[in-house]
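In the form predicted alone, a lone chain appears below as structure tokens.
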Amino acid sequence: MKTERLDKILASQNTGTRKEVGAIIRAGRVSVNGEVARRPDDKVDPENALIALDGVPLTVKKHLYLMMNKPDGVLSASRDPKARTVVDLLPREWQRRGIFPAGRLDRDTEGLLILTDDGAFAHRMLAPRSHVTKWYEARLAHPVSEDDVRAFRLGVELNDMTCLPAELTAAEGDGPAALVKVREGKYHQVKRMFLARENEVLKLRRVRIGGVALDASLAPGEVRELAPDEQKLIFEDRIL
């Protein structure tokens, strides 16, 4: 059994700063297993204790795993003094300390983005050896050709690197469109791959990571928690 300070547990759930939480506890507004707690430094097992604030039970979670439909024009960052970030879009209850986007999407790229405060999970998801796949829908200036498909499958040559083999298929859309599957996420990679084929990405949207597809019910900027099975399927190449 691992215990932590009660004020630390509550602060980690975005109920206030450590100072604010300490005042809330001393005021008798917090109970642990049905008994009022008045000491911020009380040791509590966060996974097994029943903690309530103003009589409302708290679901204490060690980590958060969120799916966002990132909108165009927002930075994939935790904070930026000059621009709105994906963390700024989170509802208050999920703006907990340490939350960050696991990976990034370009400012003008939309779609599936995972946010978490679990560094180990994010590292595993982003590590090249994990080979987690990412799927993108691209609206293009020109239709894709069989030569393009072949070039993506062999690994597109860029000025500074040779991309890993990728899958490219033509898709239905408002004008020329394609679906691209990659196993790496270098800077502007999908856009650069098409430029190397003398094509241009007009709009880009990530629709799937591993075995998890973007929830079609999420409007741009909306977010929901990942289910436990989805957290595992991130590392599998099949759709839930």
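When you see a residue number, it is the position in the sequence shown, counting from 1. All values reported here derive from a predicted model rather than from experimental measurement.
The same protein also has a form predicted in complex with a small molecule, omitted here; what follows describes it.
Asks: Verify the contact flag for K191: yes if a non-hydrogen atom of it lies within 4.5 Å of a non-hydrogen atom of the small molecule in the predicted bound form, no if not.
Replies: K191: yes, in contact with the small molecule in the predicted bound form.
Asks: Is there a non-hydrogen atom of L105 within 4.5 angstroms of a non-hydrogen atom of the small molecule in the predicted bound form?
Replies: Yes, contact at 4.5 Å.
Asks: Decide whether Y136 counts as a contact residue for the small molecule in the predicted bound form under a heavy atom distance cut-off of 4.5 Å.
Replies: Yes, contact at 4.5 Å.
Asks: Is T109 one of the residues lying within 4.5 Å of the small molecule in the predicted bound form, judged by heavy atom distances?
Replies: Yes, T109 sits close enough to the small molecule in the predicted bound form that at least one of its heavy atoms falls within 4.5 Å.
Asks: Among the candidate residues V212, A178, V44, L204, which is the single one with a non-hydrogen atom no more than 4.5 Å from the small molecule in the predicted bound form?
Replies: Only one listed residue qualifies here, and that residue is L204.
Asks: Counting any heavy atom within 4.5 Å as contact, can you tell me which stretch out of 22-30, 182-190, 51-59, 167-175 lines the small molecule in the predicted bound form?
Replies: So the stretch in question is 182-190.
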